[in-house]
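This document opens with one chain alone, in structure tokens, the form predicted on its own.
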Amino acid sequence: MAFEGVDFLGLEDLLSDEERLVRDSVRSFVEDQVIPIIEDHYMKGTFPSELIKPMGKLGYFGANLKGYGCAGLNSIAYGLIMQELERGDSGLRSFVSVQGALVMYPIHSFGSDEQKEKWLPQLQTGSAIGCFGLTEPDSGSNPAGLRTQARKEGDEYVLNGTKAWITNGSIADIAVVWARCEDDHIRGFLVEKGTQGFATHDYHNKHSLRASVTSELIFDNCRVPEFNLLPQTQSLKQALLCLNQARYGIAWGTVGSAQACYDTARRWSLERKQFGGKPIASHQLVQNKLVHMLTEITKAQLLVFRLGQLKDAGQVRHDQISMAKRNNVAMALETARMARDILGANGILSDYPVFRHLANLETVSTYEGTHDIHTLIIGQSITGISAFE
């Protein structure tokens, strides 16, 4: 009897009833509403905006936050949402991750009561969309080098600068923007769509994350009311705390994309016949690939499960999150490449999700810290020596 699925070590037994329910409901949503349309959106380079309101109604946005209509799920249940969404498409998981981890989380953690009451319920339902503006054309891996300036004038701040590679940028109703103030402190601002001096420009002709909106944010003497300053932001530390939330979701999400590729490759290997009518799954080289893929997926599952436990216990460290992001994205990329190899020429067709996942993961590998940057973060942790300087 062949083993089916991706839970080789019985991780299912460690999940609570609520965690299983959350995972199964998201999986059903992805199977019913995402898979039938995502390839078409990807090929056309459009975001499936028709899914925003349904995802809000199902509680996916800010699902691990408490209050303001949020579900207040634990970290493992939240991670399973990310896993199942990315099983559908990295761009969809990116949308939900940005909305929750990079927009709702900073407002929830660093905002005023008025900001929370105004924006969190709208963001939770999907009636408002958010984006996160930290990366700049000249400061990607080095966010401390950001050049966007915020100058205080009366009861306003005047922002000047450009943000690059911003998910949801042009469709966002609110942007969480990080800028350097005159005292050299980096602080967060809520910039609303339509504010004078604020413009967006989309990146087109992408080979990756095509079912996602990616934009530049441009601030040209953009005047932001003082009450739109996130009052608990005082330095880059708060921005990095947001990135930790997003990186945690990525570590779970990439497990989902790897699972989709492995499942596709396994099924194909059992159906595809060559050399005397035998399924290619009967060949040692193919079995070696499948075994390697499932083993690496299993290790990645255990890594994020433990990370979720640490997160809920308030004990997780940023370098542990870096290890999971670094390992799991690399694992998913390798899995996608092996799956494409097993499928042969068919691996490049949109009839199968493999090449779409492979292309998407090339971007996921870059954003929220590259493989090399996370290597140096972990390296500093285990040696006490910074290799950044």
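These numbers come from a predicted model, not from an experiment. Numbers for residues come from their place in the sequence shown, where the first is 1.
One more form of this protein exists, namely the form predicted in complex with a small molecule; it is left out here, but the text below deals with it.
Colleague: Could you check which residue among Lys273, His201, Arg267, Lys237 gets a heavy atom within 4.5 Å of the small molecule in the predicted complex?
Modeller: So the residue touching the small molecule in the predicted complex, by this definition, is Lys237.
Colleague: Going by heavy atom distances of 4.5 angstroms or less, which of Val291, Leu302, Ala144, Leu285 would be at the interface with the small molecule in the predicted complex?
Modeller: By the 4.5 Å criterion, the partner-contacting residue is Ala144.
Colleague: Heavy atoms within 4.5 Å of the small molecule in the predicted complex: which stretch in 89 to 97, 109 to 117, 151 to 159, 258 to 266 meets that?
Modeller: It is 89 to 97 that comes within 4.5 Å of the partner.
Colleague: Does at least one non-hydrogen atom of Val177 fall within 4.5 angstroms of the small molecule in the predicted complex?
Modeller: So Val177 does not count as contacting the small molecule.
Colleague: Classify Arg247 as contacting or not contacting the small molecule in the predicted complex by the rule of any non-hydrogen atom within 4.5 angstroms, answering yes or no.
Modeller: Result yes; Arg247 sits at the interface with the small molecule in the predicted complex.
Colleague: Quick one: does Phe388 come within 4.5 Å of the small molecule in the predicted complex, counting heavy atoms only?
Modeller: Yes, contact at 4.5 Å.
Colleague: Taking heavy atoms and a 4.5 Å cut-off, does Leu229 contact the small molecule in the predicted complex?
Modeller: Judged by the heavy-atom cut-off of 4.5 Å, Leu229 is well away from the small molecule in the predicted complex.
Colleague: Verify the flagged residues Gln83, Ser350 and Leu358 against the small molecule in the predicted complex: is each one within 4.5 Å by a non-hydrogen atom?
Modeller: Not a single residue of the candidate spot has a heavy atom within 4.5 Å of the small molecule in the predicted complex.
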